[in-house]
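The chain below stands alone and is given in structure tokens; this is the form predicted alone.
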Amino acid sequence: MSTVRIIGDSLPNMPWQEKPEGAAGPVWRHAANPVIGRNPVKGIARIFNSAVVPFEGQYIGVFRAETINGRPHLHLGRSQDGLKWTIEEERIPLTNEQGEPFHPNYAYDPRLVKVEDTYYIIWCTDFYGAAIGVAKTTDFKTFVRLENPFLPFNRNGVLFPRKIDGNFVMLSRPSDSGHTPFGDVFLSESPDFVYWGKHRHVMSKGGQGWWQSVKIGGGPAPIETSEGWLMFYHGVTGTCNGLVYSMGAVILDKDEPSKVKYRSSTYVLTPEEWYEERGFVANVIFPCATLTDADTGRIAIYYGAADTYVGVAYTTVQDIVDYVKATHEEVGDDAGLGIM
């Protein structure tokens, strides 16, 4: 009997496959991965590291589209089942609040999060260095780009799906413009999406396992559960053949999400399949979105594979929370409030 609950909506038509017999670990892959392959539409060579939400009985996504000149932009996609996608050839038409075109030089690794009645797109961009870009929409027809919320240098902006104590809450990872001497996750709050403060440390890289020794970064929007905020994230290690990105899981305190309650000492998914090991950038699993069904506890995870493909994996809230608690390790002062 399930004792851990997802706090949210039902989504009975979400993608799902039962766990294969004999599968190891709490997370298993979609049998027909990758769900988006190379050259998916004219002018786009690769789609990966992308975000998906349910919308009007179907699914809509904001995709990192690596165009054939090598520059990434954000493109919209639609799907009936969350697996077969139609990608728009033109990039998302971003404007400023006056309705004038307001496109970034480039945009990549989007997250897509609904807070109240507004969908927020958060992505990595350039603002005199690596920075976080933001836009909002209510209908996926008009997209208003806001000013960058933080100073450079920063990446991996991940918005919580509801306000906490009346404030928007966003995770980020301070970074330089390379790959990268900064490795920890922080949290910031805002009453209005303009002024951000109460910056707190959340998670440190490292721990006993080497799989997250170089850096970590937030993944999909945290999932509210009866145990706290469940979040999948990426952890990076260095090898003699380059960096390897794996997926981890953590549970943050529901009221004070800068406090880590439980954090798995081991990865929950690491590059093992050909589409994860082989591609434009080898050995990458990069989670960016989840779909959840509160009635069944099912979770579908969308992840970028080898900077070339989109993969889907599955778990249940009971399986993943039990695993994180069973493999928990305390890293540094992550259990604290994050203010020194």
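Note that this is a predicted model, so its numbers are computed, not measured. Position 1 is the first residue in the sequence shown; the rest follow in order.
Only in words, not in the display: the form predicted together with a small molecule, which the text now covers.
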Could you confirm whether Y245 comes within 4.5 Å of the small molecule in the model of the complex, counting heavy atoms only?
yes
Y108 versus the small molecule, in the model of the complex: is there a non-hydrogen atom within 4.5 Å?
yes
Look up in the model of the complex whether F286 has a non-hydrogen atom within 4.5 angstroms of the small molecule, and give yes or no.
yes
Is there a non-hydrogen atom of D293 within 4.5 angstroms of a non-hydrogen atom of the small molecule in the model of the complex?
no
Candidate stretches 29-37, 277-285, 50-58, 294-302, one within 4.5 Å of the small molecule in the model of the complex by heavy atom:
277-285
